[in-house]
Each structure stands twice: as C-alpha cells, then as structure tokens.
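In structure tokens, one chain follows: the form predicted alone.
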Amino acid sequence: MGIFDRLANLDRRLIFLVIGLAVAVPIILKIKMPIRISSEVRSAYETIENLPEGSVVLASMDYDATSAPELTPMFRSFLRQCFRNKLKVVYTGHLAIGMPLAQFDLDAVTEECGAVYGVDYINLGYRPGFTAVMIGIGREIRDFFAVDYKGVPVDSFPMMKDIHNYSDIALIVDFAHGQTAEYWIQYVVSRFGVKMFACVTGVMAPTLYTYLQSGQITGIIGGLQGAAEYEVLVGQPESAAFGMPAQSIAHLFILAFIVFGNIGFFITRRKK
C-alpha cells in the first residue's frame, strides 16, 4: 500500500491517540502561549473598569455543565474584576440547573476577594418565565425576587435597599450557551436602555456581532479564547489561558488530518 493509500485509510484509533496526546501533553507540561487581546473582549473589560465605585451589575447565569469549561473562567474573572472595583453584584439566572453550578465559583471567588453576602453581592436564585422575568424587573425587582435563593427577604440586605429596577442597575452581563443573550438585548437593552455585554460559548459568539456593531452591547467574550483573554486582562490567568495551547495544538492536528486525508483520497481515486 502506497503512502497516499495509507493517508486515505488512516486507522481512526491512531487519530484518536494523536488528538489525545495533543491535548494531554501541553496540559501536563504546562506549555504557555501568548494571548492576543481582541477589541471586543477589551471593550467588555473596559465597560466594567469605567463603572463608578458602588455601581450595581446584574449577572445572569444562563448555562449548565455542558458549557461550563468555556463560561466558568469568564464568570470567575468577572467576579474578581467587580469586587476589585468595589461594584455590587446581583446574581440570578434562567436555567435552574446552572445556578448551583455557578454557586461553587461564586463561593470560591467571594472568599478569595473577601466579599460579604448581602453587602457586596446577592444571589436572587432562579425564577421561571424568561422574558416575563426580564421585562418585569423593569418595573420592580421584588415582583419576582422578594426573597433570595435561601428564602430570606431581600429587603433585609443592605445592598438591596436602593435597587428596584433597571434604573438602579448600571450593567447587565449574561453568561449564556443559548439564546438568552439575544433575549436580554431584544427585551431589556432595547426597551430600558441598560448597558450590556455578553459572555457566551464559541459557537454562539458569531450571532452577537450584529448587536455589537449596532452598539446595543458593549462587548463580547466568546469561547475559551475569549475567556483566556479576559483572564489575562483581569491579571489572573487560570484554566482558560492554560487550556489554550492544548486547544490550539489539537486544532492544528485536526486540520492536518483533514488536509492530508483529502489529499490521499483524491489521489487514490484518480489512480482508480
């Protein structure tokens, strides 16, 4: 069998082995690579940096375990930036399964930053309704969130004293793996004029660039690449930045297999 026949008929087990090594070796050896900061990620970062101290940021957790590797690093960096700048974080979400998942990161980062529950941040929990909840907050947040996720009245927390609707919220940040970011833009940003940027999975990011170009959102942090850029900007690179070499090398090998496999296929077919 010639070389082109071998290329066209590579054993898939060999492909799996090579991709497995391409992912594992950079992680084991802790290989680093330079992270180029894109304009859309820098713009999202600067949006928070430009908020006055004490401003309220609404974080909507709209993802679950399937997209946590991409969105968890963004959420952790977001919390660090907010608490460093002494901003207040109101935390809620539209996926019941995602709320406890993000709570682990919230607990870890708040302990690290010394943030106090009810003073620096609050978890309002999950309420069903999606767009009904989004629009209803524009009138009064207590219509849907009279208590926090533990059932404690929100009026008992100091930070909620002056937070009633979107007029009291300086920024919305959606962490999403579905269409909730577009719902926030269409039903809240366009109606109430609140600033917003989106943290989304890599496959969702391209759908939001029209909103970025129109000025409806101030930035996009998309996929593991965006998460790595955000970590670098915040000054604490973690899982995303360390995962980028593995992802990049694996992508190169996948492209190489596609190219050489097709070369082998077309040449052997011409011979036949």
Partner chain sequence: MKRDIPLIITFLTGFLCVIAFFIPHPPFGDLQQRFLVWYAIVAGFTMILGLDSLVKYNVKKITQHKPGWQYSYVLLFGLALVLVTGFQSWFKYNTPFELRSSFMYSYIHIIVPLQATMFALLAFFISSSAYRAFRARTFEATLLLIAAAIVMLGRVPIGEMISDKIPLRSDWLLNVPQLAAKRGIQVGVYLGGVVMSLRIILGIERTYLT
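As the structure is a prediction and not an experimental result, all values here were calculated from the model. Take the two forms, find the largest set of C-alpha atoms that superpose within 1.5 Å, and that set is the rigid core. Numbering follows the first chain given and starts at 1.
The protein also exists as the form predicted together with its partner chain; that form is not presented, and the subsequent description refers to it.
- In the predicted complex, its partner chain lies farther than 4.5 Å from every heavy atom of V116.
- Residue contact check for D64: one or more of its heavy atoms lie within 4.5 Å of its partner chain in the predicted complex.
- Among residues of the shown chain, Q186 is one whose heavy atoms approach its partner chain to within 4.5 Å in the predicted complex.
- At the 4.5 Å threshold, heavy atoms of G219 stay clear of its partner chain in the predicted complex, well away from it.
- Contact annotation for 253 to 270: residues with any non-hydrogen atom within 4.5 angstroms of its partner chain in the predicted complex are I254, L255, F257, I258, G261, N262, F265, F266, R269, listed in sequence order.
- Core-aligned CA deviation for P245 between the shown form and the other one: less than 2 Å.
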